[in-house]
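Below, in structure tokens: the form predicted on its own, a single chain.
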């Protein structure tokens, strides 16, 4: 079996004819952005153009949105957790989130009204750190659980916020179920970036939180003289981030939305498995899911995002760790004239996929189906930096995971 598999959506739908994306509209995106801007750590993350790489690949333009600069936390995930916690507190206060800010929510007056709340979550690192950091900023508590095999540095980063953090002996999805059980037992509020029957409101807020980076990217692209990207590559774990970015593009751009490809690790390719099942239903992947793409090591699709990914994505990729590692090296050691980008194992997955598609004849069918050519303007989101520096150096400096199909 190939370590790079793809499935081309035979009939992607036009926005308005498929899954509902109205929760990801421009009006909501503005409210989300206003709340994020109330944090002093907020700034627009860079959009780096790789002109030499685009020419080498035979593409018109390649842009990389670098989320390693987000809120000083080295990853984008805080966008979702912060907005969801803000929405939860707004609901508890009986007001609209547009009336609140980070400063107001942390004030003694508001804290006296809402009391002490403990937010709980399961994470492979970045999401939990964002939840813990937000709880710290607002004077609340957090308890974070991580699946087996989690890197110690990611545990330490969460502990540094003052949160409790525990590594379980279970995989991600089983740890989510355990966290949900403990939250119910202890009266905690679970802030999880996946959704299941009976738990959809907070995951929806998290997806809405992710829109900020998509809004920024579109504005940055327009500032460069282009109206939109023609192509979008998105990595997926449970699919909340991918669904948010794709859903926002569908809502904002309609029939002009970019041709979108979803990328996953082969050990945890639940979106790929669901798409290839062809019955329209979400299908889980089970097992240890031992991939270097820790942020994508999730086996059960979110029920909110799955319909969007099913209806509007053009293709789905399942690939081995080699391709993510290769993407990290491509970004870290660019062609002359391009700026280097520090991108972690999950962050560089889409660059690894793009490099393979454009330079390997075995992917010609996919390249043609996606209409990737000299007119293409490709947007990639590097969702994280070197969140585990030792792993990053092992891959980029010492060539770990260099064996694979070249």
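Numbering follows the first chain given and starts at 1. Worth saying up front: this structure is predicted, and the values here are computed from it rather than measured.
The following text describes the form predicted in complex with a small molecule, which does not appear among the structures shown.
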| item | value |
| --- | --- |
| Option touching the small molecule, based on a heavy atom within 4.5 Å in the model of the complex, out of 83, 76, 323, 133 | 76 |
| In the model of the complex, the one of 260, 240, 192, 212 near the small molecule [non-hydrogen atom within 4.5 angstroms] | 240 |
| 4.5 Å heavy atom contact, residue 317 and the small molecule in the model of the complex | no |
| Touches the small molecule in the model of the complex: residue 346 (any heavy atom, 4.5 Å) | yes |
| Interface membership of residue 327, the small molecule in the model of the complex, 4.5 Å heavy atom rule | no |
| Contact label in the model of the complex: residue 121 to the small molecule, heavy atom within 4.5 Å | no |
| Listed range touching the small molecule, judged in the model of the complex by heavy atoms within 4.5 Å, from 111 to 119, 98 to 106, 139 to 147, 230 to 238 | 230 to 238 |
